[in-house]
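Shown here is one chain on its own, the form predicted on its own, set out as structure tokens.
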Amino acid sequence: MIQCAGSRNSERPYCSRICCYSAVKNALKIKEQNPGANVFILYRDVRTYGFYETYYAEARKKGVVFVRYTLEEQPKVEANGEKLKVTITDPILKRELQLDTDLLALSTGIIPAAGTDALSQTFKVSLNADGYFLEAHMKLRPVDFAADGLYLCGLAHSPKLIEESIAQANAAAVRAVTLLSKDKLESLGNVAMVNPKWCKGCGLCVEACAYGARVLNEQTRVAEVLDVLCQGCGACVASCPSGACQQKGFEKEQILAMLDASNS
């Protein structure tokens, strides 16, 4: 078994988390069915974290051979008749090993699902550098998006084990129930507002809103604010060329008054 195949490189720098655990589990199953089988796991770093470390120790005791390789000296696979030959340099023995295999398994990395980009644009939610959905805050809001009423869990968030996905799904369900159990929703006091006399219906504020709190009335051609979704970020106010958008609590007269008070 060769770990990190097409993973943990410049294209996909992240760890898929489940690969090492799955390789050790499969190796133990092979040893259980055929104790005399020679099982080699070629790895960069064994990441059987937490209590799964006991499975790694058990695999070592049962004779599973772990050989480490680096990104610069990766295993070479070539045909050898009807079988495959794997060549790898053992960093401990300081010599080249040639393994004639009956079966070669590659642990390929997990990648984001197709259509993730389009889905993120539809719901106005962010993606991280690896293409997975990004939570509002890693510690304070780990299953929330920046926009209220949207939650994430499982492989949509990042590669993780099934136990971790279940725990995160339970957390997301509790967060959703907390919102649905309320009879009314309270919006922030510093939401944006629109002066319909000045609005030209250009739609720039709708594009600037990251929370979907802006809509353009097709009949009046005037931008409208959904108060319950507005987070008071002020992006729409900054993008409005006609000055029709204004944010409560940060009106021009208030800002000028604060500047005058600070100068005096």
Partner chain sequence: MSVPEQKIQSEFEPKIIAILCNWCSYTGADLAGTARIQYPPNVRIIRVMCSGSVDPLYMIKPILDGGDAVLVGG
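Positions refer to the first chain, counted from 1. In this text the structure is predicted, and so the values were computed from the model without any measurement.
Note that the form predicted together with the partner chain isn't included here; everything after this is about it.
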* With the partner left out of view, is Ser22 within 4.5 angstroms of the partner chain in the predicted complex by any non-hydrogen atom? -> no
* Contact flag, Thr116 vs the partner chain in the predicted complex, heavy atom cut 4.5 Å -> no
* Classify Gly212 as contacting or not contacting the partner chain in the predicted complex by the rule of any non-hydrogen atom within 4.5 angstroms, answering yes or no. => no
* Find out whether any non-hydrogen atom of Leu226 is located within 4.5 angstroms of the partner chain in the predicted complex, and reply yes or no. => no
* Please state whether every one of the three residues Cys233, Leu259 and Asn263 places a non-hydrogen atom within 4.5 angstroms of the partner chain in the predicted complex. => yes
* Heavy atom within 4.5 Å of the partner chain in the predicted complex - residue from Val222, Val46, Val64, Val237 -> Val237
* Asked: Just one of Thr87, Thr101, Asn190, Ser126 has a heavy atom within 4.5 Å of the partner chain in the predicted complex. Which one?
  -> Asn190
